[in-house]
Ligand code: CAA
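First comes one chain, alone, set out as structure tokens in the form predicted alone.
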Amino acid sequence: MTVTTPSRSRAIDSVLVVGAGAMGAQIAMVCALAGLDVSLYDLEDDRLKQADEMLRQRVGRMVEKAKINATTHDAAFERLTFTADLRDAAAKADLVIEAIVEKLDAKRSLFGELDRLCPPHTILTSNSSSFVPSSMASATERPDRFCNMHFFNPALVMSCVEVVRGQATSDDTMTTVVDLTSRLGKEPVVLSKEINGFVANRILNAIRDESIYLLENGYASIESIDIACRSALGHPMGPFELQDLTGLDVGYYIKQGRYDESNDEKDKPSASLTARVHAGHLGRKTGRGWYRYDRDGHKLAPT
């Protein structure tokens, strides 16, 4: 008779978030608000300073709107450390969440370094929105303690987190990460096996691809397509507005990564997206993407 050992959830007390961009900073605060000790690492001191300022503004507004109280606000910031010392932060981490640029080589290089710096029990996760766990876990000696933990933007608001099992991910790792996701106040969407783009982005990318097809072939304007998705489909934002919010470079790298994997021409980034990214027009963060934006981030006319 075969005896199956039930999977166990491991204790997670300390989290390291790597990458202090908008997503990484918010993920770090989500963890701190949930009572975890958090280190937010970045190579650049200026980015850490900007992350601190951004989080104080965002979490301050949460206090103003009575979503949290001042005591919770202060306690979260006491648990959050901004650091440029990866070795020290990795040495005490029970779990790492990677949130750097959406480039596979950069992620693999980082995880190879984290594998050497972290204790043997540490679970490594990626916030990648497209790359499957095995493509990154193979850069480490712990593929059983590796999975994707994909948050959505803005992480302080969005409740969904996709937890993606890699080819070698253990049951204990999946149970631990799913339990942690619930502890963070998020709703886990569990993928039992890996697929490029996961669930939400595969559905979203189908909408984006069709929207760009309609635009590039002259069927409808940017504004008309966004209006149709809001008013007919009930989406809170149109596909072009959403791309400007999340960053056109993010969408470009996702499409390029899928093309690199499939070699299928239909997976290539579109001409109109590629032109904007190469021109540095990345959406709200640069003041121009599919739309133009004023200094306060208010949408102006399409480009």
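What you see is a predicted model; the values in this text were computed from it and never measured. All residue numbers refer to positions in the sequence shown, first residue = 1.
This next part talks about the form predicted together with the named molecule, which is not shown.
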- Using heavy atoms and a 4.5 Å cut-off, decide whether R61, P236 and V250 all contact the named molecule in the predicted bound form. yes
- Task: Identify which of I227, A91, M158, V189 has a heavy atom within 4.5 Å of the named molecule in the predicted bound form; exactly one of them does.
- Result: M158
- Query: Would L204 show up as a contact with the named molecule in the predicted bound form if we use heavy atoms at 4.5 Å?
  - Reply: yes
- Query: Any chance N153 has a heavy atom within 4.5 Å of the named molecule in the predicted bound form?
  - Reply: yes
- Query: in the predicted bound form, does S129 have a heavy atom within 4.5 Å of the named molecule?
  - Reply: yes
- Task: Could you confirm whether T246 comes within 4.5 Å of the named molecule in the predicted bound form, counting heavy atoms only?
- Result: yes
- Task: Please name which of the stretches 61-69, 256-264, 45-53, 31-39 has residues with heavy atoms lying within 4.5 Å of the named molecule in the predicted bound form.
- Result: 61-69
